[in-house]
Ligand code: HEC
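In the block that follows, a single chain appears as structure tokens, in the form predicted on its own.
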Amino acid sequence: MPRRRMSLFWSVVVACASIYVFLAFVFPYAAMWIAGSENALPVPAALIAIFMALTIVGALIHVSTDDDRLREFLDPVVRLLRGWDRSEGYSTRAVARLAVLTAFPLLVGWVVYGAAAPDTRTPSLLRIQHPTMPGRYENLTNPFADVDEATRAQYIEEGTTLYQVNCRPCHGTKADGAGPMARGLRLKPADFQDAGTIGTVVESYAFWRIKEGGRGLPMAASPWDSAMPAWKDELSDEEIWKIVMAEYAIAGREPRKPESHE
């Protein structure tokens, strides 16, 4: 008995669903294993949306280049929308048609309502803008601070290169929090040009945040929902200090001076 072939319509649906499952659930753990990371490396939502859009467009191009293929693809949709057939009675197909035509507008309405309805929930915890810095970082000073202008400019140039390679994807070329990966993050990266960010902290604070990342934040007032990675295993302390200098230079901000120096 010949094996029944899956219809073209359902083949496309299964292919699209499989690609989404791979990107959203399989790839993060595969990337974690390949990179030797301790945590899954999720694909940004914006990137998943781009891949899915390309997949759907490619599938539509494939089915529309041949009239027979297009008719085969549209056949289940046409039969679903054709309407009630008295000869079918309460057949499985008729019940499925009724269920789909009832559920689809309800689903659309639910999605639109969820996106448009105001959120009146109050925050569960009060959140301070800058969490307390661990004591071991309080007395750190930038080893590249007390140099002549030419040497300082060289350090900032080196730090800018490191920033563009490691930090730009999230914090942006101009340190404005608008990097290409920022749209895929739930909590948007800090805008260093904002007067309330790095301009209000000392350099050692910025050094701590880069070195320890989101996982190094204190438990108080958690969860912080920060996707900031810990760079202590990727960059040396000297490289991090140079990045700190570059961040202030790119954003056009000055670090806050320690109280004893003001």
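Treat the numbers as computed from the prediction; the structure is a model and nothing was measured. The first residue of the shown sequence is 1; numbering continues from there.
Just so you know, the form predicted in complex with ligand HEC exists too; it's not on screen, but the next bit is about it.
Heavy atom of residue 130 within 4.5 Å of ligand HEC in the predicted bound form: Because a heavy atom of residue 130 falls inside 4.5 Å of ligand HEC in the predicted bound form, the answer is yes.
Contact of residue 229 with ligand HEC in the predicted bound form (heavy atom, 4.5 Å): Yes, residue 229 sits close enough to ligand HEC in the predicted bound form that at least one of its heavy atoms falls within 4.5 Å.
Contact test in the predicted bound form: residue 251 vs ligand HEC, heavy atoms, 4.5 Å: Contact with ligand HEC, no.
Non-hydrogen atom contact residue 218 with ligand HEC in the predicted bound form at 4.5 angstroms: Heavy-atom contact with ligand HEC at 4.5 Å: absent for residue 218.
Option touching ligand HEC, based on a heavy atom within 4.5 Å in the predicted bound form, out of 202, 235, 43, 59: Only one listed residue qualifies here, and that residue is 235.
Region of this chain that lies against ligand HEC in the predicted bound form, out of 69-77, 146-154, 164-172, 108-116 [heavy atom, 4.5 Å]: Checking each option against the 4.5 Å cut-off leaves 164-172.
Ligand HEC in the predicted bound form - contacting residues of 188-211, heavy atom within 4.5 Å: Heavy-atom contacts within 4.5 Å come from 188, 189, 190, 192, 197, 198, 206, 209, 210.
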